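Before any questions on how it binds or moves, here is one chain, the form predicted on its own, in structure tokens.
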Amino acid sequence: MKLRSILGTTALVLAANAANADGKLSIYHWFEYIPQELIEKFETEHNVEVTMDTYDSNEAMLASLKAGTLGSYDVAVPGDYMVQIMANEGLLDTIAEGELSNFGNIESQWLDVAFDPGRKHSIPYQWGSTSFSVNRDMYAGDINTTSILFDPPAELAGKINMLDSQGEVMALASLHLGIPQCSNDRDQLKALDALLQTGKEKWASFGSDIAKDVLVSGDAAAGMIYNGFSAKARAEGANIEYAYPDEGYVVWMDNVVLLKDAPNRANAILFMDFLLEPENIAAVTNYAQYAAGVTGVSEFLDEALATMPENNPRDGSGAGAFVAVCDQATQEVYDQIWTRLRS
């Protein structure tokens, strides 16, 4: 596998478009999210050379595709709400009935999902939660509240890393305030903006790809993080605890989508079918520490996954919520709030 990390340059687009021969597959994927051994297995089984570029947020991926890299990649791995956005904007191809021989392996709860009814454009990849973790060497108090992020105690103020992910940060902020996502109530929007701007004064950094490393190194005392990434940080020696707060947390499902104008469409279908085989997607779960949406994976999973605290919400925690897709006018307001926050 050839791995490149980019945000989508003109040179990359030209190079990728020039390499559309048979026996190739171009993947646009999250960072640190698939074992190299699995890619190599696919390459060997199907005599396909895989090239993969990475991104660190759904929004960065969307911006890159819209800026000109669509037509360079065969598949991408967006989160649930982003699948719906991409479909609405005409960025996805349709998977014909019968094209995926392993389609029947998809768990029933993930088959007819709101963001892609009937799975016309995508297959499940992994699902999990987004919340935050706290270094217990630096803070011993109650962490079962999103106030840890938005109104942190003195021990944590100025030592918090936030994900650079608009959808998830703003969803968690909405849960903290007890307001609906995609609100168009003026007072609620003012409160949301004020919460984020005030919180920013007590945060040290924004970074999705560094979320694990800053907790392991101790550069951050607390940080917004994905549950599997938190488990990895703990395995690497960070004395952290993952929170399932009273106000709730974000639930997500990442999905492999077939991109419009995929230069190697047949190989994209092969790859998606490959990931629907229980043994193969279980390898992703064992590596990434999340959960698959495919039946038959249990016998291939590491036993420790079932008892990991990051995979088991505490009794009494708030409910999980998916990131909502807003109408265009409301989304523009949310974009303005986010731009101001990140400026």
Partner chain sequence: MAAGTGSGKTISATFSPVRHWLLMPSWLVIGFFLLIPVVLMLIYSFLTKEFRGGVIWDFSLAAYDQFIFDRGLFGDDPPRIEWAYISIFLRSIGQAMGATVLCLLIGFPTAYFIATRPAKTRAIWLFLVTIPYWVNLLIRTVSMKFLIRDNGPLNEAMLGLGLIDAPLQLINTNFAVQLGLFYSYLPFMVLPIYASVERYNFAFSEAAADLYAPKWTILRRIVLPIVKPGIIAGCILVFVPSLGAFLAPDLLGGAKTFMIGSLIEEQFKGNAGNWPFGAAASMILLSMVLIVLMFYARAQSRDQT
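Residue numbers count along the first chain shown, from 1. These numbers come from a predicted model, not from an experiment.
We do not show the form predicted in complex with its partner chain, though everything after this point is about it.
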| property | result |
| --- | --- |
| Of 62, 48, 283, 297, the one that lies within 4.5 Å of its partner chain in the model of the complex (heavy atoms) | 62 |
| Listed residue (107, 89, 137, 112) with a non-hydrogen atom within 4.5 angstroms of its partner chain in the model of the complex | 89 |
| Candidate spot 67, 190 and 333, all three touching its partner chain in the model of the complex (heavy atom, 4.5 Å) | yes |
| Residue 57: touches its partner chain in the model of the complex, heavy atom cutoff 4.5 angstroms | yes |
| Touches its partner chain in the model of the complex: residue 206 (any heavy atom, 4.5 Å) | yes |
| 4.5 Å heavy atom contact, residue 265 and its partner chain in the model of the complex | no |
| Proximity of residue 102 to its partner chain in the model of the complex, heavy atoms at 4.5 Å | no |
| Location of its partner chain contact in the model of the complex, chosen stretch of 288 to 296, 272 to 280, 307 to 315, 49 to 57 [non-hydrogen atom, 4.5 Å] | 49 to 57 |
| In the model of the complex, residues of 216 to 241 near its partner chain [heavy atom within 4.5 Å] | 217, 219 |
